[in-house]
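The chain below stands alone and is given as C-alpha cells, in the form predicted on its own.
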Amino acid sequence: MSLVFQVIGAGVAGLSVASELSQRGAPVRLYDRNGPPGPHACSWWAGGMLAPFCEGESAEEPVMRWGQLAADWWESMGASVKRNGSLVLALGRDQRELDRFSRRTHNHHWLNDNDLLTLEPELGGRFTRALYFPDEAHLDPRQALGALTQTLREQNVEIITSEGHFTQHAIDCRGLTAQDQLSDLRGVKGEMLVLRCPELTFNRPIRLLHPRIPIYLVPRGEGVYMLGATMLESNDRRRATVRSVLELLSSAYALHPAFGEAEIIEIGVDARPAFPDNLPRLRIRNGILFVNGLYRHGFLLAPTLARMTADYLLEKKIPEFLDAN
C-alpha cells in the first residue's frame, strides 16, 4: 500500500502543500474541521500582495529571495495574478519615510508627478513623487484559495472535516492553532477593511507610509479595495478596535478624499502565526512535520514552503527553512 500524506489545515499553507504534493503524484488527504477556506481562516483576510522587494524594507533576506518565485507558482495553480507592480507613497510631512523606504529596498525607481499621473491618473496632483516597483504583483486571496481547492477536487482530494487519526506521516499546517505543539509560535494581529468606492480606479497595490501605521490598499476589481492592515502582538482573532478602524479609514481618506464616501463591505480581523524571527519553519516533532510561521507573508512564501515540503518528503532534499531543533 502506498504512503498517503495527511495534511492538516486548509488555509494557504495546507492547501499549497497538498497541491504541490498532489501535482507531483503523491496521494494526499486534506483535513480541516472547518471545511473549505472561509472567514474562519487567517488567509481569508490577507492582502494578497506578491511584493518581495517592498517586503525587503523590514523582512529578512530569504523573504525577498524566495518571494520572487511566488507569482509564477500561483499562476501555475490557476490563480489570477495581476502583474502591475506596486506603488509606495508618502504625504508631504512623511517624505522622510519614503526616503528611508527607498534606502532599505531595491528594484524600484522614482516617479515624479507626471509619471504618477500616467501610471495612476486618480493620484494626479495629489503626490509629487513615488516609488514604483515594476516587478511585483498581486492576487485576490479568496480566488486563489478557491483555485487551489478546485484543483485538488479535480484530483479527487476533498477537504475532510472529521478529526481523523494522524500518523507519523502527517503534515501540520494549522497556523496559530498549532500553539498547542509549538511553544514559540506567537500571534500577530491584523485588522483590515473591504471598501467599495466605484468613483476610483487603481490598478496596483498602493502603500501609504506613516511613522505609526502605514497602510496598503489592494484593488480587487470593480471598485472594491482591501485596506489593511495593523500588526499588533496579540493572539486576538475576533475583535477589531475602533482606533484601528479609524486610523485605517483616515489613511485611506488622506490617500484620496473619495474614500470618504466609500461603502464599508467588511471588517476583518485575525492573528497571523509567527516565530520569533518572523521567518517560517519546517519543524519535525514526534514524527509530524509542522509547516508554519508564515507571519504576514502567507501568499508570498506559501509556494516556497510547499515546494520545500514536497522536496523533503519525496526527494529527501534538506530545505533551507528546516528547523532541526
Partner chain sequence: MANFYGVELSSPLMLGTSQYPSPAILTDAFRNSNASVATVSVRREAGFEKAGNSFWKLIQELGVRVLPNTAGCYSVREAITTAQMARELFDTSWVKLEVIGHPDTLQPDPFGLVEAAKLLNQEGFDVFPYMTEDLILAERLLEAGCEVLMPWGSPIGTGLGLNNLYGLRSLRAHFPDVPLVIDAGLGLPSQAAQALEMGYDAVLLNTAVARAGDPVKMAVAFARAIEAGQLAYKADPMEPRDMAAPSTPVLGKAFLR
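Everything quoted here is computed from the prediction, not taken from an experiment. Residue numbers count along the first chain shown, from 1.
Below: the form predicted in complex with its partner chain, not depicted.
Note on the partner interface in the model of the complex: the residue among Glu120, Glu97, Asp140, Asp172 having a heavy atom within 4.5 angstroms of its partner chain is Glu97. Comment: its partner chain is not present in this chain, but in the model of the complex one of His108, Arg220, Arg186, Arg204 has a heavy atom within 4.5 Å of it, namely Arg186. The candidate stretches are 55-63, 26-34, 259-267, 284-292, and the one lying within 4.5 Å of its partner chain in the model of the complex by heavy atoms is 55-63.
No residue of the trio Asn112, Arg126 and Glu199 has any heavy atom within 4.5 Å of its partner chain in the model of the complex. Though the partner is left out of this view, Gln150 does not reach within 4.5 Å of its partner chain in the model of the complex, counting heavy atoms only. In the model of the complex, its partner chain sits within 4.5 Å of a heavy atom belonging to Pro211. In the model of the complex, its partner chain lies farther than 4.5 Å from every heavy atom of Ala254. By the criterion of a heavy atom within 4.5 Å, Asp180 is excluded from the residues contacting its partner chain in the model of the complex. Shown without its partner, the chain has Leu232, Glu233, Ser234, Asn235, Asp236, Arg238, Arg239, Thr241, Arg243, Ser244 in segment 230-269 as residues with a non-hydrogen atom within 4.5 angstroms of its partner chain in the model of the complex.
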